[in-house]
Ligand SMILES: Cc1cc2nc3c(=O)[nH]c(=O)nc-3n(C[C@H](O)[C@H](O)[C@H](O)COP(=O)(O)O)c2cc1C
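Just the one chain here, laid out as structure tokens, in the form predicted on its own.
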Amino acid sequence: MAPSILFEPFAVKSKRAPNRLWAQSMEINSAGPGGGVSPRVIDRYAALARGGWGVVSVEAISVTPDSLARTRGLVINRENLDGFKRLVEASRAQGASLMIFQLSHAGRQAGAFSRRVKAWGADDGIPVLSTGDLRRIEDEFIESARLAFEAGADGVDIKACHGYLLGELLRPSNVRDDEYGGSPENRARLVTNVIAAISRELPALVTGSRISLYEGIRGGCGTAGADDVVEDLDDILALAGLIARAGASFINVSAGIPALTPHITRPVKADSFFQFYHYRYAKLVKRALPGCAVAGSAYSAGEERSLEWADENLRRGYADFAGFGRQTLADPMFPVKAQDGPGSIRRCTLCGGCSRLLKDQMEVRCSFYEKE
């Protein structure tokens, strides 16, 4: 039987998650026209709620239709609001999961079919956003949070990881000479301004951010400076503190950039090294921010031992939630099956098929269990 601590409730701000299993945002590239919520998207999240996940993060919802990472990525706006309401209603009808909308801006991770932009960097043909542009993007995040609240979401995750725009701003290599670059306070400004505004205006909404603690690139998050590549977490932990003090109720800890350092983000079967690093990263954030709920990542990589690792880390106080990404595609009923008897679980095999589908801009599913 699964260890009991995983199925104990946990409060995040004013909301109560029924257990400690967190279904991470996994883009399935299945939105309808204009980034609207399609029947497949609704089915995906209703199934996760039925599966008994404590928290369900709804995949990388763009705050703008202009810069998209996926050909069929979700976009939140007034035109698409009814679809998001139906998504929440369908999920509520199936279970008590907390519904968190992950709000994002793809930035330089936008596809060739969309508008690629960046926060800083040498001339490579990608336009650099102006101060006014970034202020407008702040407003887009805040307005998107209002729409998420109107749709019935329990909270929002301001995505600052995996090479997306807000994660790019956090890097030590961000040496912009305006209010969004240079010092830690400036590099975190867009994230902290958004979270502070949401906390003031929508206090009932659980607000947090997913960050990549170490990206594995020169000058990236988790290094000491613009010319460093060796891991040094002092800077990123300071940024996490700024985000928490702005009003974040949770930090969802990730690592790497899927497009550049995928094995850091998604540890593979042949190398458990980064799996344990993910656990350490969550532990360090929890130690630095004891009053903030912390969700750890990479538990899918634990395969048959994933529940064992999750139980141990939560019991030791290294994290408050165990986050699963690829496993949610392999078996959305994972939490229910774990309680009934884990022998019936369809385990993620770490085959990488879902990642290849996403990279190829196809609809994402578990290619191991869901054969065409």
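Numbering starts at 1 and follows the sequence shown. This one's a predicted model, so the numbers in the text were calculated from it and none came from an experiment.
There is also a form predicted in complex with the named molecule; it is not shown, and the following applies to it.
Contact check for 64, 84 and 144: none of the three has a heavy atom within 4.5 Å of the named molecule in the predicted complex. Contact check for residue 351: every heavy atom lies farther than 4.5 Å from the named molecule in the predicted complex. Using a 4.5 angstroms threshold between heavy atoms, residue 209 stays clear of the named molecule in the predicted complex. Though the partner is left out of this view, residue 24 does reach within 4.5 Å of the named molecule in the predicted complex, counting heavy atoms only. Taking non-hydrogen atoms only, residue 361 never approaches the named molecule to within 4.5 angstroms in the predicted complex. With the partner omitted from this view, the residue of 286, 266, 171, 72 that lies near the named molecule in the predicted complex is 266 [heavy atom within 4.5 Å]. Of the candidates 295, 103, 213, 298, 298 is the one whose heavy atoms come within 4.5 Å of the named molecule in the predicted complex; the others do not. Residues with any non-hydrogen atom within 4.5 angstroms of the named molecule in the predicted complex fall in just one of 52-60, 35-43, 308-316, 331-339: 52-60.
In the predicted complex, the residues of 154-177 lying within 4.5 Å of the named molecule by at least one heavy atom are, in order, 159, 161, 162.
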